[in-house]
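Just one chain follows, in the form predicted alone, and it is written as structure tokens.
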Amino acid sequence: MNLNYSDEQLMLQEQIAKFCSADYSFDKREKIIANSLGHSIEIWNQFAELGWLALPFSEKNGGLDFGPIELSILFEEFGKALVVEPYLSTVVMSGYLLDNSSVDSSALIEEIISGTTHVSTAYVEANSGYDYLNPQTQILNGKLNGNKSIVLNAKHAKYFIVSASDNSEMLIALVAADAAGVSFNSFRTFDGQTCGDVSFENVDISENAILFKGDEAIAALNEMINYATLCVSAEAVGCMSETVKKTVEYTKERQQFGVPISSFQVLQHRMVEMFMEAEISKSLLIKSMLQLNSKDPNALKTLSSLKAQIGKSGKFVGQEAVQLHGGMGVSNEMSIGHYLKRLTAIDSQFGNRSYHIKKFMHL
């Protein structure tokens, strides 16, 4: 098995790393979060100019036809910089469903790639746990009724992709955000993301708005969640690697008793444990992205083991880093606490550690 990136993939990684280092500093990120949008239009337009918004789309829809490996590269670098731009919701989640539907969505995909339109996928419902395949939201007699929770980037979406049922089968429909009967309540999560709860009351749904039906809808939603799970796992690996790096740097600078605290053996052992947890997660990420890319039948089992490991390693690395930074670790002025917040949020996205351990056992 070749574990080396291709020249094209290395160029992509270098480009993203340089951009994040030069144009997405922690101070700039904090200013982006502080504004009312919760993301930067300027940065989003730069993503479009660099071609990043086209990465996973098929060539027939104007994309670059890149897959799990390239998305993992992108999100690992995003994790290092704590990028808050709504790439996951618009490009990965909504983009996957639009790109793989038999309904022609090329015009909308072109708008996404150009950076002019955001689309959000509304599939989570309150009190449903991680059961995404039995929505209480319904489409009956051409009318959509129901409520969706924690919809990423809901405030800025021009369209919602909504999972629903008609009592006999599952449906996935495209709904305009400004359609009569659509309302939402926007809020910020503790890790800086913009989300919303969306309600649909007697919203008109035409037959042309149905992207998937029945078994195809179930398969599409499952595959989209698999891709999104891989992406946030790669983001977590990036968060952990940067957290370890920043912690080592801090302990070399912080002095106690006239010497750097990095010279204390007990702290060295703790940082080695942090490094090992991050590396175990990185190894599982590599295996997962390669298996998903090659459509290996064991890919889903590896993906669940990766997400379960992320839940364990992310918590450990983040908490250890905060402790080793002392009181400064929990201050908003330092980035280290923000990595812990993001790692904590990632654990709960697309199934937490407990959920994926159970899923692994049944696959």
Partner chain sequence: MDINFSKEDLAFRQEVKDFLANKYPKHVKEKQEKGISLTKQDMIDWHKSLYEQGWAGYNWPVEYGGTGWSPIQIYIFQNELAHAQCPTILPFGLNMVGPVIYTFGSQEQKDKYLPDILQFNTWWCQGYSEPGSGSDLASLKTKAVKEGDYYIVNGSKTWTTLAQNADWIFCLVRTETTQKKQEGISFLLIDMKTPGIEVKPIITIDGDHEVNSVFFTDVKVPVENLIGEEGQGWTYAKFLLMHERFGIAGVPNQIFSLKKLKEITKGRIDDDLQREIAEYEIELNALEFTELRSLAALANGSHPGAESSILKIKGTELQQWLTDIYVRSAGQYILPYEGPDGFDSNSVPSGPEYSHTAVSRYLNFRKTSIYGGSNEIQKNIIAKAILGV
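Model, not experiment: these values are computed from the prediction. Numbering follows the first chain given and starts at 1.
There is another form of this protein, the form predicted in complex with its partner chain, and it is not shown here; the text below is about that form.
215-223, 106-114, 186-194, 82-90: which one contacts its partner chain in the model of the complex at 4.5 Å, heavy atom to heavy atom? Flagged stretch: 186-194.
Can any non-hydrogen atom of G326 be found within 4.5 angstroms of its partner chain in the model of the complex? Answer yes; at least one heavy atom of G326 falls within 4.5 Å of its partner chain in the model of the complex.
Answer with yes or no whether M276 is in contact with its partner chain in the model of the complex, where contact means some heavy atom within 4.5 Å. M276: contacts its partner chain in the model of the complex.
Answer yes if any heavy atom of Q309 is within 4.5 Å of a heavy atom of its partner chain in the model of the complex; otherwise answer no. So Q309 counts as contacting its partner chain.
Looking in the model of the complex, any heavy atom of E125 within 4.5 Å of its partner chain? Close contact exists here: in the model of the complex, E125 approaches its partner chain to within 4.5 Å, heavy atoms only.
What I'd like checked is whether S101, H156 and A173 together line its partner chain in the model of the complex, meaning each has a non-hydrogen atom within 4.5 Å of it. No: none of S101, H156 and A173 comes within 4.5 Å of its partner chain in the model of the complex.
Pick from V182, I286, L133, L140: which has a non-hydrogen atom within 4.5 Å of its partner chain in the model of the complex? Residue within 4.5 Å of the partner: I286.
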